[in-house]
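First, one chain by itself: the form predicted alone, in structure tokens.
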């Protein structure tokens, strides 16, 4: 049932979505043309993907603490790191898009909800080396492997935050005067997603970018995405199917874009 519903959503998105030539907003056009559709190779991609390859070949088994909606692929509590790497890590195309979005935004702070094995965190940190990076993970054993990934990537200024997001996320938000970039890639339940969104709202500003992962993952996530788009503080959203971008720009006409990638 999931595969049929997901495939239908994907096909409908492809039929409705535009490329940059169907977009009239200068802000969104520039973002699509200069960032989303920037497919030029970069050295950092090779460096991080070489580390991803080591995870693909890591046969150690860890115990997963899943505090969210679980996985559509493998819900076993005992998992090989290689299986997690294949099934749960953001694919290169998306991880590299996140890199470009952060590099373009130049945020002072970055929050990632859902560290997993740390590959996306590497991309986020390398995109903005001077930013304060908070990466949050609910599973202690997964977080331990992520710390190994950070060491391989030669980064040591990332602040891992381990525990249930309900307990840890409010504290991180309180430590920051304004939120610049937040990537929500954890839990994947409607109520939790909306809660994290609402927690962010008091700290957003005109250059804040919120990104929600897997917005078509379930009926609940689709409903959450629709409510986020409709919120009066939200002015622009970009639906890339796999992720959704949210902006808060005073004076910008309220518009929701479906864009092909």
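Positions refer to the first chain, counted from 1. Just so we're clear, the structure is a prediction, and the values are computed from it rather than from any experiment.
Although not depicted, the form predicted together with a small molecule is the subject of the following passage.
A.B. asks: Within 4.5 Å, heavy atoms only, one stretch in 173-181, 126-134, 152-160, 111-119 touches the small molecule in the predicted complex. Which?
C.D. replies: Checking each option against the 4.5 Å cut-off leaves 111-119.
A.B. asks: Is every one of 88, 186 and 196 in contact with the small molecule in the predicted complex, taking contact as a heavy atom within 4.5 Å?
C.D. replies: Contact check passed for all of 88, 186 and 196.
A.B. asks: Find the only residue in 34, 219, 54, 65 having a heavy atom within 4.5 Å of the small molecule in the predicted complex.
C.D. replies: It is 65 that has a heavy atom within 4.5 Å of the partner.
A.B. asks: Classify residue 138 as contacting or not contacting the small molecule in the predicted complex by the rule of any non-hydrogen atom within 4.5 angstroms, answering yes or no.
C.D. replies: So residue 138 counts as contacting the small molecule.
A.B. asks: Within a 4.5 Å heavy atom cut-off, is residue 99 in contact with the small molecule in the predicted complex?
C.D. replies: Judged by the heavy-atom cut-off of 4.5 Å, residue 99 is well away from the small molecule in the predicted complex.
A.B. asks: Using a 4.5 Å heavy atom cut-off, state whether residue 164 contacts the small molecule in the predicted complex.
C.D. replies: Taking the distances in the predicted complex, the answer for residue 164 is yes, it comes within 4.5 Å of the small molecule.
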